[in-house]
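Shown here is one chain on its own, the form predicted on its own, set out as structure tokens.
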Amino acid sequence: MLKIKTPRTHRAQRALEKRAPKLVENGKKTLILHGTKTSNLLNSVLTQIYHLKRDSAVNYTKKNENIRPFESGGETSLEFFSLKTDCSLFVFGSHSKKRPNNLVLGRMYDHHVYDLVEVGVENFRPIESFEYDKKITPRIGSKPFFAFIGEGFESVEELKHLKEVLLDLFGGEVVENLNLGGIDRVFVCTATSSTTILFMHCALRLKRSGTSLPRMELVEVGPSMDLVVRRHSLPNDSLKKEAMKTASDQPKKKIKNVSSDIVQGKIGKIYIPDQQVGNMPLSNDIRGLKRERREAKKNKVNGEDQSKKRKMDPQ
């Protein structure tokens, strides 16, 4: 029998409730990790990604020797860090002669590895290398637009998978309504080949167009890089089916004495308590009583007239 530990303090109880499953999920956090060996270029890439997701990311700068996401048993430390930091996304950087400047992007389900995409970084340009008006710098935590250019995102399986991971990684929280004035950034992904995409980060500038819709201009603010897909791992069908389950909406509270019918529509029942009419007190202002009195008075007058007539005309 496993020992079940219950929270002893209100703080621990709130922490467990925060991590518990919800109908509306919290924003996804990203875990950024370094491998045994990383290059200067890769360190800059990881720093730039952390800068883009500073409000919802955890950055570990120490080297990790036991993390090998694509190998069996090599994801144990990764899953431990995911559980510790409550992160459902991760970016792992490593550098070797066989795979230089290597990035592994992945998602977690129940703090276990769900899927993986391995990409190589080429032609990297950091934010510092771009010159632009600092007034248009995107704000931290703002909701971005995405532009995926190229047929490869619809036909090539590797690019389709990379597109899903990038949307989860940089998309932010799911919202129902957007304020157009608060949208100030765009991620542009261009498929240059069946395995390579150009990833750019642009600031969005809204200008007057003479119509109700503003004219949009893109200003590249960095970072910019080429991502070359090397390996990717998809989840199995059973795990994917379990992860894609959605909780049904909360059932509506049943209204008492109201039902629905296919023909008659909404039907309601009204219950009226028994009325003791015989015991009800009646006032003298009731119209029915006045009518009875008038009829009684009229009959009385008619009866007196008849009796007088009989006296005057005896038989």
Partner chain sequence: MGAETYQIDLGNLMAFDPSHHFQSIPSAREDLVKECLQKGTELVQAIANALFSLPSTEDPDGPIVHLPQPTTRLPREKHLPKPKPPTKWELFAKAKGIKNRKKDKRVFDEQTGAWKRRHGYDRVNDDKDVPIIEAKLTDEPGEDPFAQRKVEKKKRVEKQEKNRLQNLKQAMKAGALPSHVQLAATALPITGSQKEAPKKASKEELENVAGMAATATASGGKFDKKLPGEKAPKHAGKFRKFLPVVEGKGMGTQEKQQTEKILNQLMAKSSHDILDVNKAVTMFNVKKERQRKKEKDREVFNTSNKLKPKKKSLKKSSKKKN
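Just so it is clear, the model here is predicted, and its values are computed rather than measured. Here, rigid core means the biggest group of C-alpha atoms that superpose within 1.5 Å across both forms. Positions refer to the first chain, counted from 1.
This protein has a second form, the form predicted together with its partner chain, left out of what is shown; the following refers to that one.
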item: Interface residue in the predicted bound form among Glu158, Glu118, Asp226, Glu79, criterion: non-hydrogen atom within 4.5 angstroms of its partner chain; value: Asp226
item: 4.5 Å heavy atom contact, Glu295 to its partner chain in the predicted bound form; value: no
item: 4.5 Å heavy atom contact, Glu151 and its partner chain in the predicted bound form; value: yes
item: Non-hydrogen atom contact Thr47 with its partner chain in the predicted bound form at 4.5 angstroms; value: no
item: Exercise: Asn64 in contact with its partner chain in the predicted bound form, heavy atom 4.5 Å; value: no
item: Interface residues of 146 to 176 toward its partner chain, as seen in the predicted bound form [heavy atoms, 4.5 Å]; value: Phe146, Ala147, Phe148, Ile149, Gly150, Glu151, Phe153, Glu154, Lys163, Glu164, Leu167, Asp168, Val175, Glu176
item: Core fit, then Lys62 C-alpha moves 2 Å or more between this form and the one not shown; value: no
